[in-house]
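In C-alpha cells, one chain follows: the form predicted alone.
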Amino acid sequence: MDGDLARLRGIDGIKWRKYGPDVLPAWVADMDFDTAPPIKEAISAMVERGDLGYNAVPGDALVPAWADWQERYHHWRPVEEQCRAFTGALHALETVLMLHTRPGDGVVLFSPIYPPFRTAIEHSGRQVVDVALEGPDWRLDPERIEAALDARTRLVLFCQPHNPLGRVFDHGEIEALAAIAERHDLLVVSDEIWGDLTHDGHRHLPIVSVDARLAERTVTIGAASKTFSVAGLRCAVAHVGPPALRDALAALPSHAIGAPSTISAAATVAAWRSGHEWLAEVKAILTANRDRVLERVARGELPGVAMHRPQATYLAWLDFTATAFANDPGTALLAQARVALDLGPRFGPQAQAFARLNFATTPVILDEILDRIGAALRTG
C-alpha cells in the first residue's frame, strides 16, 4: 500500500490539506491507501477512449453490480426493480427525509452519531429525537427508544455498522427495532455503507434480511465510498422497500434529484465487480491497525484513555474522560500534539470527552500519531 507522506501531502483531499504540514490527520473518514487498481483502470480507460459523452452503460450496470455484491458478501439480494441510484448516501437520506416527513416531525437517531445525520434533520426543520447509546457495550435499549417517541415521530435514521462506534448491531437489537417500527409505523433509513469493513469474523447484517417486518418500511443505502475510499466519486445506491415511497420518488421530475456521473458509476461498478482482492488486503491491514491501537491503549501508552473494541469500520472511539483533556480532547490534541482527530462534541452532547481516530493509514504513520497523543497526555 502506497501510504507514504510524500504522496499524501501531494494530493488535494481535505484530510491532508485542512491542517498545516506539521499536523498528522486522523479525522475525516478517508483511507490513506492508494486507490484500487480496477477503479483506476476503469476511469483511465474511459478517458483514453474519449468516452465522456452520453453513456448509459455504467449507470445501467450499477444496481445489478450492487445486488451481486450484497448477495456475495452479505447474503441478501435487494430487489433490483426497487433500487435507484443517488449521488451519495446523504443525498439518498435527505431525499427520503424530505419526501416522507414534514417540518416539525420527529426523526430518531442514536448518538453519538455521524454529525451530518443531525444536521440533515435540523436544517430541514425536523426535530431530532436523540436516543443516546451508552458504553461500554453501546447496545440499543428498546425501552429508551420507546420512551423517546411521540405522535410526531415519523422516521428512524439507523447506521449499521455504526459510525463512530464500530458496532455491528445484532439480531436481537434489530428485531427489537423492527417491533418498535411496526408498532409506531416508522420508516427506517439504514445507512449501511460501512458494512464491508468488519473485523474478527463479525458479519454485517443488512437489517431487512434479519426481520421481515422491516421489508416494506426500510430504505437501505449502500455505496463503495467507505469500502474503497472513493467518497469523491459521488455515487450511492438505495433499496427502497416502502411502495408509497417508491411511488413518490417515481412521481418526481426525472432530473429533480440528479444521478451519479458516468465516470463515478463506471468506477463503482469496477470496484464491486473486480475489487475483491484489494479489499481483502485492506481489511487485513485495518484489523491489524485496530489491534495496534487497542494494544497500545491496553498497555497504558495513551495514559487515561479508554477504548472499546470496534467490530467494524476503521474508526476508534476514544474516551478521554480520565485525562486532563476531558473537556475537548480533539481540540487539545491538535494544539499540543499536532494530531487532528474528529472532535467528539460534533457527534452528540454526551461526547464531550471523546474523539474519533481514523486508523486507516500505514503502521508507521499510525504509530507516530499514537506516540504524539501519548506524549501530550503524559505532559498534560
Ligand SMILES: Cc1ncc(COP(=O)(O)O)c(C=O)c1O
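These numbers were taken from a predicted model, which means no experiment stands behind them. The first residue of the shown sequence is 1; numbering continues from there.
The protein also exists as the form predicted together with the named molecule; that form is not presented, and the subsequent description refers to it.
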Contact stretch among 198 to 206, 82 to 90, 268 to 276, 127 to 135 - heavy atom within 4.5 Å of the named molecule in the predicted bound form: 82 to 90
Contacting member of 332, 29, 326, 67, with respect to the named molecule in the predicted bound form [4.5 Å, heavy atom]: 29
Answer option from 169, 110, 228, 117, heavy atom within 4.5 Å of the named molecule in the predicted bound form: 117
All of 188, 216 and 218 within 4.5 Å of the named molecule in the predicted bound form, heavy atom check: no
The named molecule contact at residue 159 in the predicted bound form, heavy atom, 4.5 Å: yes
Proximity of residue 100 to the named molecule in the predicted bound form, heavy atoms at 4.5 Å: no
Exercise: residue 234 in contact with the named molecule in the predicted bound form, heavy atom 4.5 Å: yes
Close approach of residue 264 to the named molecule in the predicted bound form, 4.5 Å, heavy atom: no
Stretch 184 to 221: residues contacting the named molecule in the predicted bound form, 4.5 Å heavy atom cut-off: 191, 193, 194
